[in-house]
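First, one chain by itself in structure tokens, the form predicted on its own.
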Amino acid sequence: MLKLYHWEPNANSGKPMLALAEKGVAYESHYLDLLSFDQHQPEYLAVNPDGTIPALVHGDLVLTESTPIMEYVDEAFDGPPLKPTDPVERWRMRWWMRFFDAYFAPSMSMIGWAVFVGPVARQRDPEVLRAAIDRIPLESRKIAWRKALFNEFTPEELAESRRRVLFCTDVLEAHLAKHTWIAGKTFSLGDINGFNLGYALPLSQPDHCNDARTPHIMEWLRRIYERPATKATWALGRTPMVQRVAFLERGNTHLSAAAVQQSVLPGNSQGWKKP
């Protein structure tokens, strides 16, 4: 049985989860609680010594890195193709996936860690957190975790991340004003990649991503959210954070972004429930 080691269906973990769902490929789910450092425990390090998630195990193969995993899933299994046949659309899909991964994702990640993940983790004993950081195999990840857990992002770093996110939002809106999907006319891995980054944009950047300012992004996000594979994937989430996606319900347009954000911030154990 195919095995996928993952956290919540968003960002990196959500990409292979949604790709597998779109292909209709069954897999054995291994949920790793990122905030409990499950990914740095010996059991998982035996699977992926780098201690990063997600990881896909297919027979003797262990595949890491979310975007290449998606491409492998599309090529290795039957089901609807997730790459366009047209070479121009395929180029466009790959261009955008590179843009998302190299430019958009790091900035969104820093803001997400500063606003969501860091505050949740900091509720724990600092000595326990330091010991957990010391166990992280990759030095680059140690640095990233240390900054997030002890709120060490500088004002300049956060300001640059916000600038990049706003720039990316404008570029994406202009692109979607001309194309139905990321690749053009074809739903593809590019949309899966972008959705996992962008579904929370209306909540994290409500003044810059909304129905008035970015109508094409909002419609694109809603169309992806309405796909059966997306609904099934996000139903697998276990934390209040994943409930942010329900803001995209067309009937929920009366809800304010601030109200939804408040319901999923650290300390709110109930989270926001769908009406």
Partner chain sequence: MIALCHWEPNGVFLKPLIALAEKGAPYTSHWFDPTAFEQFAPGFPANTESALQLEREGPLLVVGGEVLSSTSFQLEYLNEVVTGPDLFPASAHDRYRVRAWVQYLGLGLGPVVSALGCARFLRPVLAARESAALRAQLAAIEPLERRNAWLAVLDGAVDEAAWQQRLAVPVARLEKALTGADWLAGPAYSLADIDAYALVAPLRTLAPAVVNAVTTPHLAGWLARIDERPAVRAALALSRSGQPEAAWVPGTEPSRWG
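Quantities reported herein were computed from a predicted structural model and do not represent experimental measurements. Positions refer to the first chain, counted from 1.
Below, we turn to the form predicted in complex with the partner chain, even though it does not appear here.
* Just one of 28-36, 241-249, 57-65, 215-223 has residues with a heavy atom within 4.5 Å of the partner chain in the model of the complex, so point it out. => That would be 57-65.
* Looking at the partner-bound form in the model of the complex, is residue 205 within 4.5 Å of the partner chain by any heavy atom? -> The answer is no: residue 205 has no heavy atom within 4.5 Å of the partner chain.
* **Contact test in the model of the complex: residue 199 vs the partner chain, heavy atoms, 4.5 Å** => Because no heavy atom of residue 199 falls inside 4.5 Å of the partner chain in the model of the complex, the answer is no.
* Is there a heavy atom of residue 160 no more than 4.5 Å from a heavy atom of the partner chain in the model of the complex? -> Within the cut-off, so yes.
* To do: Answer for residue 69 alone: is it within 4.5 Å of the partner chain in the model of the complex, judged on heavy atom distances?
  => Contact check for residue 69: yes, within 4.5 Å of the partner chain in the model of the complex.
* Name the residue from 115, 133, 171, 120 that puts a heavy atom within 4.5 Å of the partner chain in the model of the complex. => That would be 171.
* To do: May I ask whether 88, 107 and 148 each come within 4.5 Å of the partner chain in the model of the complex, counting any non-hydrogen atom?
  => Every residue of the spot touches the partner chain in the model of the complex.
* What residues of 75-95, in sequence order, lie within 4.5 Å of the partner chain in the model of the complex by heavy atom? -> Going through 75-95 in order - heavy atoms within 4.5 Å of the partner chain in the model of the complex - the hits are 75, 76, 83, 87, 88, 90, 91, 92, 94, 95.
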